[in-house]
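To begin, one chain is listed below as structure tokens, in the form predicted alone.
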Amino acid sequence: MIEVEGLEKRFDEVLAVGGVSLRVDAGEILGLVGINGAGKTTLLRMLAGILGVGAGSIRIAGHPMNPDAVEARRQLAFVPDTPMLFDTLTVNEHLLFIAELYRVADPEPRIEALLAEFELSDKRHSVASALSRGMRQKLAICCAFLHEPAALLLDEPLTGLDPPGRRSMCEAIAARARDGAAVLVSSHQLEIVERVSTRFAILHRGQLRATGTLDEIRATLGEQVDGANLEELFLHATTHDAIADPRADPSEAADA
């Protein structure tokens, strides 16, 4: 559902993303991890069609992502790390707007189900500016889920949520994968990423250091990481020079 081949992006002389290739199939959840400035957000914004591609290709549900890629955009949803909402619209108005935008037929049952799932039913008439950070995050996720996209791109989807909210969000993400969506989740909360994801990609200085299941990544990195969890694998992959890095250290802006 999400296919990336040889993806590159430069900001002036900084190579923010260099030669990234990955694939997320229907029903999979790929956990994308990396330090600040690794290029995660830049990569996600290219996948969503927000940033232009310097080199390489992207396909979403079989459709190429390019400046005129209406069908590719129709098949995906992107939730940035900071929810992008209209402060003066209510929760219900946001969902009706998204339903109209994506031409969702008979959206009311879906809206009711999402409001119940994310415990927003009693906030349906509240404007976005009156919502807490966690509730804004839930609303952004509801908007993303409403048109049942084939591909989901989630950048720090658990930010602002309390422990019950994080658990519910993980269950909701897993449910969409079970229903056939290809999900790419980027987060610094490695323990939760490890729990919810089926495969992983470790991005460092714009390059993929390792991809696959935990066992596959352990095999890639060598015997010294036998039995290591995701955090230990991540630290090993990003503090050892097992893979050559042809570029200078990126600035924090490369991951903005």
Partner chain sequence: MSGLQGTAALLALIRLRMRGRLRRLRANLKRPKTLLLALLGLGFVALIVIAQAHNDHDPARDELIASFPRVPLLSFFLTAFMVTTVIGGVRQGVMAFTPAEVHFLLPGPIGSRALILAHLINASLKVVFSALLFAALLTPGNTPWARALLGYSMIFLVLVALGLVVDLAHAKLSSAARKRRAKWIGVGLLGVAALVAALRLWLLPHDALAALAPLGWPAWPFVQLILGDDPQQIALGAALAVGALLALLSCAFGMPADVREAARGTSEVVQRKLKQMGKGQWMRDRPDAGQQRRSALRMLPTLGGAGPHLWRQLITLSRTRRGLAMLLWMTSVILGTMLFTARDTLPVEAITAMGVLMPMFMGSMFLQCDFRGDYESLAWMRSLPCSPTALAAGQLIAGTLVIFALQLVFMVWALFNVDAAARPWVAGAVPMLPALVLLQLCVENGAYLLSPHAMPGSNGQPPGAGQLLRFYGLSLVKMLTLVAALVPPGLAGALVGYWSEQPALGLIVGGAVLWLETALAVGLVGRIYLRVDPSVDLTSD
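Fair warning: this is a prediction, and the values are worked out from it, not measured in the lab. Residue numbers count along the first chain shown, from 1.
There is also a form predicted in complex with its partner chain; it is not shown, and the following applies to it.
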**Asked** Any chance all of Gly6, Val20 and Arg23 sit within 4.5 Å of its partner chain in the predicted complex, going by non-hydrogen atoms?
**Response** no
**Message:** Tell me which stretch of 138-146, 106-114, 176-184, 162-170 has a heavy atom within 4.5 angstroms of its partner chain in the predicted complex.
**Reply:** 138-146
**Asked** From the list Val196, Ala48, Leu221, Ile58, which entry has a heavy atom within 4.5 Å of its partner chain in the predicted complex?
**Response** Ala48
**Asked** in the predicted complex, does Arg73 have a heavy atom within 4.5 Å of its partner chain?
**Response** yes
**Message:** Given that its partner chain is not shown alongside this chain, does Ala150 nevertheless sit within 4.5 Å of it in the predicted complex, heavy atom to heavy atom?
**Reply:** no
**Asked** Heavy atom to heavy atom, is Glu93 within 4.5 Å of its partner chain in the predicted complex?
**Response** yes
**Asked** Using heavy atoms and a 4.5 Å limit, would one call Gly227 a contact residue for its partner chain in the predicted complex?
**Response** no
